[in-house]
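Only one chain is included here, represented as structure tokens and corresponding to the form predicted alone.
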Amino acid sequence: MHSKQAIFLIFTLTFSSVVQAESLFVFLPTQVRAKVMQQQISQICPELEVTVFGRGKDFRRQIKNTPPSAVLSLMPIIERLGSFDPVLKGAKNGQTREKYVIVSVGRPLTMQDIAQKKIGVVDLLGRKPMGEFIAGIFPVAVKLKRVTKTEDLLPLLTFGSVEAVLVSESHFLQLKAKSNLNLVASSSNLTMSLVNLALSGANAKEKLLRCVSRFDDKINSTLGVDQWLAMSK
């Protein structure tokens, strides 16, 4: 009888530890494959279950099915989730926000140039929410061509599928370095915070903060930051 109780207790404790394991979901546009980044972060933070997503719809579906302890993502994505509290914000060269630009081929475009034209964007929020987000930024109506990854934007320009694409200034430089096209950038009204760490509760806060504090230069560079700052309350 005692042996059965002991086995049951061991099974219960083991199952409980699996259920309660802290998890981190990562989703933001980068030039590094999701599996590669997942391996890198998992090696530095073996105490966490780390999942990096390359597609927004996979991220959103998994959030609903198995909500994680924390997410690393951009603020519009975190705000859309509604149940995560930001605790850390990434910074680069002392700045926590980045400008976004309208990238076209050959000549810079004004807002009137792109009215009712197709604009390529990485789908961060889903079809309807992404449309609402862009409508709140642009003073003119545009048609969106959504893609899953940043690298999918360049072919849109190469084959003339869109009039322009909307990217961060850092991603514009990356696109320009990869392409023989004469890519030029025009200002937009959008600035966005860099990557943020947000928690679903306070239970795993210290463990997750320690994880991010161990990120090396390689991971931080992939995430587009060189420093992590505490969010002001």
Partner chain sequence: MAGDVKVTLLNSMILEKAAWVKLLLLVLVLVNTKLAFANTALVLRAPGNDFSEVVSGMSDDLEGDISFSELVVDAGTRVGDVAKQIKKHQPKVIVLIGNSSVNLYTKYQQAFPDREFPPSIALAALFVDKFIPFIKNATGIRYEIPLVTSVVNMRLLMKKEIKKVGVVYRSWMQDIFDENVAYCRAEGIELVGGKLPNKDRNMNRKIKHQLQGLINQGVDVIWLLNDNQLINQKALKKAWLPLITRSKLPVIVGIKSLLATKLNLGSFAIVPDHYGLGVQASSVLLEIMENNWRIVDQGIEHPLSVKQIVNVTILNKRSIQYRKSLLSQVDDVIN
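The model shown is predicted, which means the values in this text are computed figures rather than measured ones. Numbering follows the first chain given and starts at 1.
The form predicted in complex with its partner chain exists for this protein as well; it is not shown, and the discussion that follows is about that form.
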Evaluate R97 for contact with its partner chain in the predicted bound form, applying a 4.5 angstroms cut-off between non-hydrogen atoms, and reply yes or no. no
Would you please decide whether L154 lies within 4.5 angstroms of its partner chain in the predicted bound form, comparing each non-hydrogen atom pair? yes
Can any non-hydrogen atom of L181 be found within 4.5 angstroms of its partner chain in the predicted bound form? yes
Quick one: is M192 in contact with its partner chain in the predicted bound form, heavy atoms, 4.5 Å cut-off? no
Looking at 198-206, 51-59, 165-173, 184-192, which lies within 4.5 angstroms of its partner chain in the predicted bound form, counting heavy atoms? 51-59
Of R80, K92, K117, K149, which one comes within 4.5 Å of its partner chain in the predicted bound form, counting heavy atoms only? K149
Taking its partner chain in the predicted bound form and a 4.5 Å non-hydrogen atom cutoff, the residues of 101-127 making contact are K118, D123, R127
